[in-house]
Each structure stands twice: as structure tokens, then as C-alpha cells.
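Shown next as C-alpha cells: one chain only, the form predicted on its own.
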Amino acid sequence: MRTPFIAGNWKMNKTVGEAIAFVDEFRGLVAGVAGVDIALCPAFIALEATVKATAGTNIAVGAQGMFWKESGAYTGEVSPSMVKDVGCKYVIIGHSERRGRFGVPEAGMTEDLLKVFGDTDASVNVKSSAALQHDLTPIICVGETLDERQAGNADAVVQSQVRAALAGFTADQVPGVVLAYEPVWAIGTGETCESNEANRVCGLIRQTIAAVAGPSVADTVRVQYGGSVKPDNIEELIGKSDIDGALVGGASLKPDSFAALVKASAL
């Protein structure tokens, strides 16, 4: 039985003080909740404060990204050892927004400006490998855009991203990752992938893992769903055979809604 895993991706929200205030309320709401793993993923500046605020609780902390080099002249980047040193257990790798793939087009976000979001299949692979080398669990995000889905390419895109992310990994390394299926068209749009379809694609991800590392390994890897997950749809999603949790955006910003998600997902 795979333990459900609910992770909150705060994206570019919450100051240090707001992060502490969130934890002060949230930890009481989920105290004693078992049968589910919980993580909060704040912005870099709030990582240390969030780790301290969650100490001694059932809440882990993850970063929203990292570089793959240990140190060097990489202005603005954060290394795996820095993420580990601050007390993180998880790190999100390859979120669609880090790849410059947004569900909701923004005015003024030109192709040139989108280049600032530079993750590719290749960088996702080396970052995930670096995370494992530093005893961090990468939450590797994959998913198709609306155009790719409408063109009938959703499965091919997702399979390609999974294979690229795990390229060169040994069968012993693969169990150390989490995969998150995040259909880009459902992120921040209010649209949720229908639960049966979400489960089908999560199953496809598991089949792809099996092709890389074997069925027994694939059976151990947790596959989350992400994309407009809310308290009123989590039970239907988490009840599916191949959905092992959720990577939650907007609904993770309020303690009560995120706690409701966590409690609804516990075994």
C-alpha cells in the first residue's frame, strides 16, 4: 500500500511572517493525522522559518526548485546542499511554470520573457539526479498543454517527459522519486482533469516507470495529481487506483482548506 502524499506548492506567495502564521494554525489542524505524508513548499526565503515552525510535527518541508551544481558562479541559483542544509526533505522539479508552460496566458509574457523559465527535460533529469545524491526526494512534474491534448499528443508528451526525467537512473534510484501528473491546462484555471482520465494518465506514468525500472519498482513509486485540486474533489481523485496524492497550489494557501485535503486523503 502506497502512503498518500499531499504537498502544498505555495509558488510565489507568502512572506516569512505569513508562512509562520500559516504553520501556527495548520499544525494544530493536522496534529495526530496519520496515514498520509504532508509537505509544505514555500518560497526560498521562507524555507528556514517554515522548517523551524514545523519542527517536531508531522509536516515536512520542500523547496520549489534548485540548481544541480554543488557551488560555483551561478548567480541567483540555489544548490542541492543548500536545500538539504536548511532542512528540506523534498524538492519540486520541472513544474510546468518552471518550464515556461502556463495554463493561463499572461498579458505581456512574451516568448522572450518566457525564456527566464528555463527548465527543460534535460535540466529536469540532472536536477532530479542531484536531488537523489543529496538525499532529497524530487517531486518530478510532467503534463501536457491544452494544445498538446487537443492534438491527441497528451500520452506521448507525458511518457516522453517521464522517460527523459528518469534517463540514466538505476532501478535502485527510481523508488526515491515522486511523480506528479499536472495537466498544464488545469493549473490555476479552475479546471480539473476528470478523475477517471487523471487516473488513466497516472496509470500511464506508472507503466512508463515500469518500462524503465520494472513493474515491482513502479508499484512502489507514488504518483500525485495536480491541477485545481480542492477539498470538494480530493476524495474522488484520491480514491482512484493510481493516484497516490496531490500537488496542491491555490488550496494549499489557507490552513483550513489544506488541512481538509490532508484529512480526506489519509488512509
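Please read all numbers here as calculations on a predicted model, not as lab measurements. Note that residue numbering begins at 1 and tracks the sequence as displayed.
Just so it is clear, the following notes concern the form predicted together with a small molecule, a form of the same protein that is not shown.
Is Ala130 near the small molecule? Define near as a heavy atom within 4.5 Å, in the predicted bound form. Residue-level check for Ala130: no, no contact with the small molecule.
Is there a heavy atom of Pro42 lying 4.5 Å or less from a heavy atom of the small molecule in the predicted bound form? Contact with the small molecule, no.
Would Ile38 show up as a contact with the small molecule in the predicted bound form if we use heavy atoms at 4.5 Å? No.
So, Gly62 and the small molecule: in the predicted bound form, are they within 4.5 Å at any heavy atom pair? So Gly62 does not count as contacting the small molecule.
Counting any heavy atom within 4.5 Å as contact, can you tell me which stretch out of 184-192, 149-157, 111-119, 76-84 lines the small molecule in the predicted bound form? That would be stretch 184-192.
Using a 4.5 Å heavy atom cut-off, are Pro4, Val30 and Lys263 all in contact with the small molecule in the predicted bound form? Per the other structure, none of Pro4, Val30 and Lys263 touch the small molecule.
Looking at Val229, Val223, Ile209, Met66 here, can you tell me which has any non-hydrogen atom within 4.5 angstroms of the small molecule in the predicted bound form? It is Val229 that has a heavy atom within 4.5 Å of the partner.
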